[in-house]
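Take a look at this one chain, the form predicted alone, written out in structure tokens.
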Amino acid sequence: MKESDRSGFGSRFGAILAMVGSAVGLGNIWRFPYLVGENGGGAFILIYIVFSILISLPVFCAEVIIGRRGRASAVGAFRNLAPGSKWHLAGYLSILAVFLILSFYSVVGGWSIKYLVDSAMLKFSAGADADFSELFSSFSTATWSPLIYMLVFILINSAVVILGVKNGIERFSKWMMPLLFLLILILVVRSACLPGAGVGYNYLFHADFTKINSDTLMAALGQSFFSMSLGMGAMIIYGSYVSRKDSIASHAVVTLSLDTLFAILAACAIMPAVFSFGLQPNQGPGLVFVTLPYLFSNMPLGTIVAIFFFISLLLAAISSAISLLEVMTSFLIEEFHLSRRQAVTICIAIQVVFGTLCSFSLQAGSPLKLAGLSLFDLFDKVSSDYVMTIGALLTVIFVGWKIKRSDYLDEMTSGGAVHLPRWAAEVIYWLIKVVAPLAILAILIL
């Protein structure tokens, strides 16, 4: 793709909302609350925030710098900035991360559509006599029905990406993100009105550091990367669409702040309700698809709350999935000179094949297991704990040690168009060059 042919975001507001949309996804609603539940509540949240500021924020800046200065896909940007070297292989690592994530993410996206349909059909209405654990198990391990919903989810994302950056991704983000925050705020208020909600807040924000171990640190860092769409090329490709007049630092701070806020709001919407009804907070993915349907069926106005919740879940899933799909799409367009429609079609085929394998791996007795994990869980673990983490490590090393310091400052100040205090630029550079690499290495060793 020639530079002159390359599209971009139409406005600073649109760019920020697209980045926030990429960050705010299933990681906030599906993953964050149950990780809080499994890792001791407030202590995990505190570590998550510290890691997000000291590690994820500089990684975010580094990825946007690579994308905007390289003006290409994840692979092409590294190649343009370090021609003749092997650094472009770091871009391929991003493609691998996207491939792994979309394979299982599309399955969960399909689940969110299924549960939105069920809530609209009043299956979670007051007094519903159902074993929601059995319903989720029978649906998620079925042969064909999860695949149908997965395909619908894939086609929705593909339709947005086919429309392009301005008419698809940016336009969708502009109306979707405000709606998503409004919906989650409604859920927070409703949850706060339940009897015994204070116990849930105490669980969330009481820090018990005796439960902190190396697994907690890895989970917090992996969740931060997963939630912020780091180490998977999303912010590199979005950075390539960002105007030279925009401030990278402000984009990073706003995206990180809103993403963290949304994750905590999601936990505040879920955990008080869980404790109000005497349920367990550490149910893993079942917290969303098993525990909450039970909660909705026993909650006043539960049907309406359920519809709002699963609309939020679906919108969050789509907002992140389109950024990942754009990473693969731009790669295929630039590397193989395909049209956008051709590239998206190939991505659809890849997602359907490997999404099907991930879905089948959840069936009882499925041979699609490795090291005791289903293919679904294996792709989740490998991508969040290793591929994304290593990708983020390579990114900060590249910006901190390969790119010239003058080029870094040029990008952070947008060629002098943006006023960034010298101390702020130096602090971020120090985080990119020293703190983030050492912290990521230490956690990987642990």
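What you see is a predicted model, and the numbers here were worked out from it, not measured in a lab. For every residue, the number given is its place in the sequence shown, counted from 1.
The form predicted in complex with a small molecule is left out here; the points below concern that form.
Check: Any chance all of 105, 234 and 323 sit within 4.5 Å of the small molecule in the model of the complex, going by non-hydrogen atoms?
Finding: The answer is yes; 105, 234 and 323 each reach the small molecule.
Next item on the list: Would you kindly say which of 184, 101, 220, 288 lies with a heavy atom within 4.5 Å of the small molecule in the model of the complex?
Entry: It is 101 that has a heavy atom within 4.5 Å of the partner.
Item checked: the small molecule: the contacting residue among 391, 67, 33, 27 in the model of the complex [heavy atom, 4.5 Å] -> None of the others qualify; the residue that does is 27.
Checklist line | Any non-hydrogen atom of residue 23 within 4.5 angstroms of the small molecule in the model of the complex | finding: Within the cut-off, so yes.
Checklist line | Partner proximity in the model of the complex: residue 227 to the small molecule, non-hydrogen atom cutoff 4.5 Å | finding: Yes, residue 227 is a contact residue.
Next item on the list: Name the stretch: of 115 to 123, 131 to 139, 323 to 331, 77 to 85, exactly one has residues whose heavy atoms fall within 4.5 Å of the small molecule in the model of the complex.
Entry: The contacting stretch is 323 to 331.
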